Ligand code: PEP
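Coming up is one lone chain in structure tokens, specifically the form predicted alone.
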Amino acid sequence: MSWSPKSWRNRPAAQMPDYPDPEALGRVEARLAAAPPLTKVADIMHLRAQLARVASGRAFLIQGGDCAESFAEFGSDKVRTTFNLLLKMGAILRAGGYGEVVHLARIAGQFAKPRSSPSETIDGVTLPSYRGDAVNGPAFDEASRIPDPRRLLDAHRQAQVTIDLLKAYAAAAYADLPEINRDVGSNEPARPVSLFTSHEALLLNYEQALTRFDEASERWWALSGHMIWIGDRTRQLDGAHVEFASGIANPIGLKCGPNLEPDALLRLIDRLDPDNRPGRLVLIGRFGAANVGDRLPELMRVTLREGRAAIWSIDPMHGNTRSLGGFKTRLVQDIMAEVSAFFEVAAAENVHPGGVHLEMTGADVTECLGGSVKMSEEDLPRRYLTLCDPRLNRTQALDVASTIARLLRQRRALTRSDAA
């Protein structure tokens, strides 16, 4: 069967909402299909070119932002703090001697989350799980938890405003960079900044409606964001999400968890990147600090052996979640341990450690513990604001960036030593 933006509908679709009113969903899809796209083909091509440099070992990818974007908490200050945080993290890497950094935000589309269970029970009451603001509401009542397709229109509107704000901040960042560089001890001259958007392509009704055919390139493009990714729970080879992603020309991320076998990874790569084009595919490992040393080497080894051009990145967040005092949290020491192990494995397998994927916020939240922020379990409720997973706060994210800068310096020194 030939690919089309709707061919995913013939495949099993994991983690999709069960909308009670299909006709209402159809009306929303029609409105989205007539709505302006959120991104431009030329900008997506620009990202692909930058990612091709990551694939060749000449750049590093920082991808980060909210676990799930919120309608209620949205505002220009929130967008600005995310933008500035990514900018400063990139400046830390460059100050450490690493030249090129690609900035990719989890923003302007990260409104839905896969869940481990379709329902949750509190005090004997069972309701559908909260799946993100584009699907249902976080309040634990029946009216809030019913999936409502009209939320997709709200997500589109917020994403458009977010992208407009990012463009304005990017234009102004050229003037702010000298101060940011001084803050991190760098004297490099200011240069234009590009910040791209990304999200998990979980809601395929939304993605299909915003997919357009470009006559110049003769390709289909998902214009909901610059890059989309497929989650560890939706990467079934014969599933709807892989089917959709296989036909669009955007860069694609693929989450690789501890249960992914090498042969299955190669089949997914063949499906998603049959032409083996640098900048097309980002493999995002998410193993947990305890598993990364056992599970990642074989996967890296097989991609190198088969000559695959895919980028390897690490998500040190999702495999390191634990419960303390009734709160989901993550320890910065576990996050840094997985990042460090990622670099060690990459060095041993002669693979470029191409990027990091973080859930983080510029706000002063108390959701993760550790780093240079001195907090204890008793501090978690103080500013625990996330609706899904715990995020690094600004200081903790900069701590991780500093660790990555050190690891990149060590890798560069080792590479030069080997060359000599």
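All residue numbers refer to positions in the sequence shown, first residue = 1. Values in this document were obtained by computation on a predicted structure and should not be read as measured data.
Quick note: we don't show the form predicted together with the ligand, though the next part is all about it.
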item: Residue contact check: residue 334 to the ligand in the predicted complex, 4.5 Å heavy atom; value: no
item: Heavy atom of residue 359 within 4.5 Å of the ligand in the predicted complex; value: yes
item: Close approach of residue 255 to the ligand in the predicted complex, 4.5 Å, heavy atom; value: yes
item: Proximity of residue 138 to the ligand in the predicted complex, heavy atoms at 4.5 Å; value: no
item: Residue stretch of 108-116, 272-280, 335-343, 236-244 approaching the ligand in the predicted complex, non-hydrogen atom distance within 4.5 Å; value: 108-116
item: Site check 43, 167 and 227: each within 4.5 Å of the ligand in the predicted complex by heavy atom; value: no
item: Heavy atom within 4.5 Å of the ligand in the predicted complex - residue from 318, 103, 212, 145; value: 318
item: Proximity to the ligand in the predicted complex, single hit among 349, 120, 232, 154 (heavy atom within 4.5 Å); value: 232
item: Contact set, 44-73 vs the ligand in the predicted complex - heavy atom within 4.5 angstroms; value: 67
